[in-house]
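Before any questions on how it binds or moves, here is one chain, the form predicted on its own, in structure tokens.
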Amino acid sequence: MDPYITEWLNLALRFAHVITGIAWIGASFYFVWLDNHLENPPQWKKDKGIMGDLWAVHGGGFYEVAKYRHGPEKMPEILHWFKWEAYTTWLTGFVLLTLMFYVGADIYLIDPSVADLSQGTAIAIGLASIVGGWIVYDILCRTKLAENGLVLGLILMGLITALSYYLTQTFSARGAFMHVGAVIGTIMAGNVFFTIMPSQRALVDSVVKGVEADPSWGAKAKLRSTHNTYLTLPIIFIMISNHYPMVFNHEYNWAVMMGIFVVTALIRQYFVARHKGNENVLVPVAAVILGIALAWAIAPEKAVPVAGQAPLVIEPGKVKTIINDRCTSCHSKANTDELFTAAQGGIILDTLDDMARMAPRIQARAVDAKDMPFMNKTKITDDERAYLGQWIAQGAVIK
């Protein structure tokens, strides 16, 4: 496929994925907030079957929201459902995953330095991890473990950690992260499609028939909704991690991902508890401390001068040669790379002045994170990365 067309498809799908994701996660956040802010209603509302209500002001008007214990006496003609946000987020995400990591498996998914896979094998592993992840999760949630949320949560955390480790040892770092995100997204959308929506249909059906709803449906939906609530921040992190190679390209990237899971889960737990009025300020403090500790732990090592040893004499001409040979095929006013036909990220490295101006980016991506050149297409060596690092450490001189 023409790279220009692929880029436009990528942009359109990513845009649609972000929009629908905002709608889905926004609705999830709102309903968790709403449910936790319901107040004890007056008796006349209780007599009508209302278990909680609240008042809000927004957009120049007042809103009165009421939640029924079972359902209204008569089902309204228009009943709003919240499902397509989840479905369209998953669908756009899966098509985007297919376009980038399956159609472009040789470029984005397969890293020969990690595992020398054929395109078919890599795609099969990716699909198996997504489908298998949902099946294992769903089976566990149907067992007695569902009655003990903490134990089930620990088991699920252990399984996602094992999967993360396996995928980082199989795919490119980006591909591994995106597939963990795909597994989580599939679990969340599957919860909506296979459990939450059927429970809501059963509730509506019971109201229409004038019978009590089966309480097991509500319990199952509550469990899956709780899981979705705590998975929102980790999946948002994975969605944006593609832009931050110091995270996904670290030697222990699977552990970094799990550390972020813990930090984001703590943040989400704090806000859920805050909605209920019983927050613990130590929770966000712990999240901040863990986040800082994680950032410190994965910080790249800096070269320390040896006492009495003269600093390496850097030749700007050699710096220019390295960057011309390894970087300018994708970062030039006239790219020569067959896939990236325009300067990626708007970064142009045609002259030494350009290189010096972009020295911090070169340090972050080519020296520290080592994710550039992309998939090391131009075969930059560790010695060349170190030379660029020394040049930058000495002030990125150009003369």
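Between two forms, the rigid core is defined as the largest C-alpha subset superposing within 1.5 Å. None of these values were measured; they are calculated from a predicted model. The first residue of the sequence shown is number 1, and the count goes up from there.
Only in words, not in the display: the form predicted in complex with a small molecule, which the text now covers.
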Fill in the blank from the handout: Here the chain appears without its partner; judged in the predicted complex, the stretch of 109 to 117, 321 to 329, 82 to 90, 269 to 277 with heavy atoms within 4.5 Å of the small molecule is 321 to 329
Problem - Interface residue in the predicted complex among P42, G49, G345, G26, criterion: non-hydrogen atom within 4.5 angstroms of the small molecule - result: G345
Problem - Q390 within 4.5 Å of the small molecule in the predicted complex, heavy atoms - result: no
Handout entry: Contact label in the predicted complex: T378 to the small molecule, heavy atom within 4.5 Å
Key = yes
Exercise for the section: Considering only heavy atoms, tell me if H179 and the small molecule come within 4.5 Å of each other in the predicted complex. Expected result: no
Exercise for the section: Although the small molecule is absent from this view, report whether D337 comes within 4.5 Å of it in the predicted complex, heavy atoms only. Expected result: yes
Exercise for the section: Inspect the rigid-core superposition and answer whether the C-alpha of Q363 shifts by 2 angstroms or more between the shown form and the other one. Expected result: no
